[in-house]
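One chain comes next, on its own, written as structure tokens: the form predicted on its own.
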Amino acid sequence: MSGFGDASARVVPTDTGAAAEARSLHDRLTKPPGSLGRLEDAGVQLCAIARTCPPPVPETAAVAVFAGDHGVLAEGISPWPQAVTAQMVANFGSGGAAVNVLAGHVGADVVVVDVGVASELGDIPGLRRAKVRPGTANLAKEPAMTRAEAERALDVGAQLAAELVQDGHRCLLTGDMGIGNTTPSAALISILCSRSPAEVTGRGTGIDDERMHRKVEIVARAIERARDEGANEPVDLLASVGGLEIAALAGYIVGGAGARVPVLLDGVIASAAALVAAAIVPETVGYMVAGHRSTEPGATAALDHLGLVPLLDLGLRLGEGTGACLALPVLQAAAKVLRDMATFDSAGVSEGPAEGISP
């Protein structure tokens, strides 16, 4: 059985009993019920994932940055050249990127994986070499990859997730790098959320109006081609209009769910991958935590479709795993509240306002 197939078979629904116990505990803690807002929901989800209350604190964490290039860049949808993908992979290796800084700040390990960079990479410290193919084909004209290649990329992600959990990581963060990857993400989100390309296609690195108009047209053209070619099943859609790093992320998300640890999502690329993962293995949604709300419109569409509420909204659109890193301490705090906070009984505090006295 493949790495992805094995991970898929291990995914089980999260524990509703542990979630109910967590909600009951929150109501007994020394605070007004619901007063910690989204933090309480996150703690309940952690209990459901861990199948116990209080939950373990999700540490140590690892952010996996999957890198791949995109043939659709030939359509002029980005002002950034393809060479930037390889240059940024080298930057990750030397510790100079934003994700390195933020991961270091929150104590997360960074793992960089070449799953589809177009060029051959030199000697880069810590780089995992798992190239399925050197970049995708131009999805505006033909399938981005074969189904077999999509399946291999799914395996790459699932196998890394299993390895990281086996090594002691208890929270997996998603990261990505690939110039042009908001275009395949928009195509996947449009199809899987039944939204128009114009609704879910964003400006990515900050393109002008002319490029934006062209980008929407290309997303629409890719979707029409995929439908004409009969790509309806999730893996076929992934192969037709997706990206190698998106496929690896989908495998990584399922791998994390199969290992029963929370998977902290980053931005729009991770959101597209999460949709694919959920379409293949619906129970994975219970293990997903939305780290932040990207300014890319497709991210909000995907999160709404998945029923996920982000922990942060900071106007981010960088990717790399930066938003997930920033959200990690919030998720860890959610576990610590349930573990360490006193109940009304244990603290000798009166529960609620006195009768007849306005609060």
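Residue numbers here begin at 1 and follow the sequence given. In this text, all values refer to a predicted model and were calculated from it rather than measured experimentally.
Just so you know, the form predicted in complex with another copy of the chain exists too; it's not on screen, but the next bit is about it.
Taking the partner from elsewhere, no residue among L121, D123 and E229 has a non-hydrogen atom within 4.5 angstroms of another copy of the chain in the predicted complex. Contact with another copy of the chain in the predicted complex, judged by any heavy atom within 4.5 Å, is made by just one of L308, L39, A62, A301: L39. Screening T205, S196, N138, T146 for any heavy atom within 4.5 Å of another copy of the chain in the predicted complex leaves a single hit, T205. Among heavy atoms of G168, none comes within 4.5 Å of another copy of the chain in the predicted complex.
In the predicted complex, at least one heavy atom of V349 sits within 4.5 Å of another copy of the chain. In the predicted complex, A20 stays away from another copy of the chain, with no heavy atom inside 4.5 Å. For the chain shown alone, V289 is not a contact residue for another copy of the chain in the predicted complex, no non-hydrogen atom being within 4.5 angstroms. Stretch 85 to 93 is the contacting one of 185 to 193, 85 to 93, 233 to 241, 123 to 131, since its residues have non-hydrogen atoms within 4.5 Å of another copy of the chain in the predicted complex. Residues from 16 to 51 that approach another copy of the chain in the predicted complex with a non-hydrogen atom closer than or equal to 4.5 Å are T30, K31, P32, P33, G34, S35, L36, G37, R38, L39, in the order they occur in the chain.
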